[in-house]
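Encoded as structure tokens, the following chain is the form predicted alone, with no partner shown.
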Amino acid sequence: MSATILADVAKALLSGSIEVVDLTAPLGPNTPVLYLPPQFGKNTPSVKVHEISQYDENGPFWAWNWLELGEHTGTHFDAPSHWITGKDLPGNTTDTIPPQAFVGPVNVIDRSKESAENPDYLLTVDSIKAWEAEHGEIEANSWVVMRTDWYKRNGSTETFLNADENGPHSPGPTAEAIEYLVSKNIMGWGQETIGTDAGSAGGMNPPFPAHNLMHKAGRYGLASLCHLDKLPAKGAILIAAPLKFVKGTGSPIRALALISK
């Protein structure tokens, strides 16, 4: 049966009846990066690309570069070891997470209208339950992502971070919403903003609940996703594989989705 299923998928990919959607932001020197408050010291540097050779005296037949970038830069995967609550869990780094976690069904909760009206929009338990009543229950070991269309701000660090003297303003989940999703044993949580939490998450209880509670449960995070507006509420397959960094707390990824055309 499994061989037949895979053969059918292969045929659908070749025929174009399954479309591959790129959920990834371009990664380069202009990629927005997160700035922490001064009391926390170091920040992730901007992406730097260093040339090794360009079909020249340093390498006449080849071009290649070496890169400087943070683990949590651009569209990226958060491993449990990224947060203190997940630091002692087994299999908590990018090189030890089972690869089964990198491919799975995805539930897309569309709250783009609400986020356009209020950049500080917070997803609640009631809002998730209303989505489930319309689209079906969120299954264990599936991904849950929130569409906000925030990725359309990605061309500018200022508009993407959307910070003022009171801090950043961007949508995300409440602590109670994350607790509810953790209770359903989802694979992980993702969104289109620079991190997996709302801009106001530092003042929540616990602070930064998407990080705190997801990683405490050994679950994963996806940030800076793009083009969630191209996905159905249910029925897509998400592929989000981090690089196999030894003891990695996260990794930039090329996030993809398979959808039926």
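Note that residue numbering follows the sequence shown and begins at 1. Predicted model, so just to flag it, every value in this text is computed and none were measured.
Absent from the display: the form predicted in complex with oxo(2-sulfanylphenyl)acetic acid (23J). The rest refers to it.
Taking the partner from the other structure, oxo(2-sulfanylphenyl)acetic acid (23J) in the predicted complex has no heavy atom within 4.5 Å of any heavy atom of residue 151.
In the predicted complex, no heavy atom of residue 218 sits within 4.5 Å of oxo(2-sulfanylphenyl)acetic acid (23J).
oxo(2-sulfanylphenyl)acetic acid (23J) in the predicted complex is not approached by residue 131, whose heavy atoms all lie more than 4.5 angstroms from it.
Contact check for residue 226: no non-hydrogen atom falls within 4.5 Å of oxo(2-sulfanylphenyl)acetic acid (23J) in the predicted complex. Remark: of stretches 109 to 117, 143 to 151, 82 to 90, 122 to 130, the one touching oxo(2-sulfanylphenyl)acetic acid (23J) in the predicted complex is 82 to 90 (heavy atom within 4.5 Å). Contact with oxo(2-sulfanylphenyl)acetic acid (23J) in the predicted complex, judged by any heavy atom within 4.5 Å, is made by just one of 27, 204, 34, 69: 34. Of all the residues from 62 to 79, those having a non-hydrogen atom no more than 4.5 Å from oxo(2-sulfanylphenyl)acetic acid (23J) in the predicted complex are 72, 76, 78.
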